[in-house]
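We've got the same protein chain twice here, in two forms, each standing alone as structure tokens: structure 1 and structure 2.
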Structure 1
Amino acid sequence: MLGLMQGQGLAISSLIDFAEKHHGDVEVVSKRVEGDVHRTHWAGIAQRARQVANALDGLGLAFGDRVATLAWNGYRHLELYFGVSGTGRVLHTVNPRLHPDQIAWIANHAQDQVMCFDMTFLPIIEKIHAQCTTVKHWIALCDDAHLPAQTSIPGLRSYESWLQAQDQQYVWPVFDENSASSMCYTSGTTGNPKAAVYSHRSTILHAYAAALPDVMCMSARDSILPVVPMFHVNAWGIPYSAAMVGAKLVFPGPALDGASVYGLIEAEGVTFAAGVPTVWQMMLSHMGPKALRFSTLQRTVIGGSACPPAMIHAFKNNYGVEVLHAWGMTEMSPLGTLCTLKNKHLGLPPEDQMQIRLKQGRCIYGIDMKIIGPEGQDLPWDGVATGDLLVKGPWVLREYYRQEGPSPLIDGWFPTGDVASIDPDGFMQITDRSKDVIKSGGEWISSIDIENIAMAHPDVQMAACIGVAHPKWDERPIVVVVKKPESNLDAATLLAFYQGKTAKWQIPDDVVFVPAIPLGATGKMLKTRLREQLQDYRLPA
């Protein structure tokens, strides 16, 4: 017997319709690339999202065609979030921090038809447009007055003039809720970047889950500042959840320094903010010496890298702000666990509560997780045993986009590449990473890429890249090198060799020369052993 309820599919267009109808006057505030602060509201976003939809139809794009963005957090980006996905096209948010060659590779792999970019990234587009063979339309996210006087980009036009010509009415199409809505590449593992492709269904279910009280607890009373970029797993889904609950949104644009973020929090009555530890570190460093205080901020979600205990302490004890430690992945839309206490923990002394808060947290309804040992056996939830962390759920990736070879799933479970323990209350704690990557300021660096560049130097016999703890960036890469016999290669020469071969921030901080790199039985470098050997190593100041 079937249920007798209405079966409307889940659609991102319904979020913006809802936000307009029920919270149309709620503000969306953006610091812009142009330097000023722009103010609109959900009704304004909805109207312009419909103009985006008409504009895309006007370009003759097919259902499922990819529209790329290379943009900061701001209202125009938000309009594209709803306008692109609402029509059944796929929003491809590109990470501008990647090397231009990698951006071009990604645009070609995704077969992007349209590229919308903030003017900050004009130099990147000038450099790569000829390599992007599928892009037919280049849209600068500005008005005509801000377009460059001269450009080599064919047919470049401004977003504002593009939208101005469009009707404000639009009827959103109805389609299968499993249709692709957006995609995001992650360079988390070796080789070329890989894309997670989200669906309308996965996005809406994730948006419901993210708004729950024990998750990000978002409501119509909130003013929300996503510092986490919209090109990084859809700003952890905040734009969708904010539309769902009718929260005010505050976007930082390119201004991510401590003073700007703090200023925006105070000016816009922000109650809730989300970002990686690095941005909060910058903000706290700005606030401390000036004895600044928050007047409205109640909580921050911190994720993307392990949150340092000192940061949780500082927010709570010095500023009365609750830190919610979160864990997730691009492949998980991204939320998996969040750390909020259970009722039975409320009577514990503060230091015991802190021990719990430092963990990555417990599962959100919709996500299932387990840890397994080397033989694939399930490990106990005793808070001691550590093993590979596997997840499944309706917003977890099944396969990567256009990926050849076997599915990454193991018996239906997605292997996260994280190593963790889980305690009897279900609180998960990351203890290590089995994937060979470094995460610096919330962005990935592929250790294999760094090693390959070193190996291309004629004086290098073997190179291993490992991450070293860093107070500001969480982790920084160093490269450990065995020189060829008789070579007198020095660190400065090898570091200079990296220039132009990878994004500047991905260049290792140091070179450590060693007589040998530990190898396993199959000849693979034993990074765990290498990390142990270098445990007393300190980065150059």
Structure 2
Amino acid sequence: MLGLMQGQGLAISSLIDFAEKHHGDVEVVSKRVEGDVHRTHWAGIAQRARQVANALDGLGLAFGDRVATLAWNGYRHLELYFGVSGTGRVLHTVNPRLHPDQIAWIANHAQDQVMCFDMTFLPIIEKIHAQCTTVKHWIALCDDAHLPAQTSIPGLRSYESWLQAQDQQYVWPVFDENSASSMCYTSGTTGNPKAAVYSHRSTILHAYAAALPDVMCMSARDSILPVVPMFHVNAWGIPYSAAMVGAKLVFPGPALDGASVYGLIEAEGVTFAAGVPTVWQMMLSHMGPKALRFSTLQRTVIGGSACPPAMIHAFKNNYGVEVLHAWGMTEMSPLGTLCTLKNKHLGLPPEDQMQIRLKQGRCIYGIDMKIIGPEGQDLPWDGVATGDLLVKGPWVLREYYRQEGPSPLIDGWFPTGDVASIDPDGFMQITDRSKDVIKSGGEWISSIDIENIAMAHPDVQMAACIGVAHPKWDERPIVVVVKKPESNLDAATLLAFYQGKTAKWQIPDDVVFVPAIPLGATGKMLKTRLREQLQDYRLPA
């Protein structure tokens, strides 16, 4: 016996239709590449998304053809989110922080037909366009007045003139909800990048889950600032969830420095923000010396890499902002867990609650997870055992685009590459990346734990722990540190800071001060590159 419900498929076009009909006057605010602040609303986004759809039809693109973006967070990028996927084409968000040769390789591998780019990235496009053999149309996300007077890019046109000629009416096509909607390539720190291809079904389910009260708790009462880039895993799904609930969206554009982000939060009454730890570190460093406060910000989701406990304490204790620790990955659309307390935790002392908040959180409905040992055996959820973390669910990758390499699944589970523990209440804590864990004298040392202690020191701006070769212990940890401006911190002082905070054998053998730690395209520390930079380093005798 089958259910007797209507069989309407899940489609991204339904999100923008809903936002226009029920929340049409809700603002979408963008800091533009041009330097000004642009204001529109969901009805305006919907209208222009339909113009995008007509424009793509006019180019003769086939169903499933890829349309690439090389763009910051802004209203034009948002229009492409809905206008491209809504027609059955595939939105391919390209990370502009990758090396130009990698961008060209990705565009060719994805067989992109159209490339839409912010003028910030004109030098990249001019450098690589001849290498992008499948791209037939180049669209600059600006008006005619901001096009370059001379360029080598064939047939370059402005986005505004492209849309201006298009009808504002469009009937979204109906197709299988499992059709591809968008795609995002991994950073490719080892080998060539690989692409996760998301479907309309997986994207809508992910948007539902992200908006739940125990997840990001998004609603029509929120003003949301996604600092996490729209070119990285669809800005963690926030644009879709915001349309679903009718929230105000505030886009930072290219201005991601502490002063700009703080100013935008205050000017637009932002209640909820999302980003990686490095962005928030810049903002907190800007606010502290000036004794600045938040007037509207209530909570922030921090993910991408482990959030240092000192940052969670600073947000909560100094500014009254709740930090929601999150974990996920490109192959998971990206959300897997988010840390919110259960009812039974509300009566715990603040320090006990904080110990829970420091974890990456518990599963969102739709995601299942487990940890396994070296022989593939399931490990207990006791908060002590650590093992390789595996996940599965309706928005978790089954295989990579064009079946690059063998299927990554292990008996239907996706191996995340993270090492974690899970406590009896289901709260998961990442203890390390499998490639970053340090094995010293047969014992494992968590690089994240070492980094967190360093980050708690008031003179440390950023810290990364790596293992270096040791003749007796195989590996020993060192901590690489960027000091805060004007700091006179020395190695002996920082190493003394570790006393009593971890086992003596886990204390780093040395501190290496550097002007900067290399960051990846999404703000994560690049330990592979850091190891290369320190390949000639030798431990003190």
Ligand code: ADP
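Each residue is numbered by where it sits in the sequence of structure 1, with counting from 1. A quick note: this is a predicted structure, and the numbers were derived from the prediction, not measured.
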Since only one of the two is the form predicted on its own, can you say which one?
2
Quick one: spot the hinge among 434, 133, 38, 155 for the rigid-body turn between structure 1 and structure 2.
434
Smaller-part rotation in degrees, where the chain is treated as two rigid parts between structure 1 and structure 2:
147
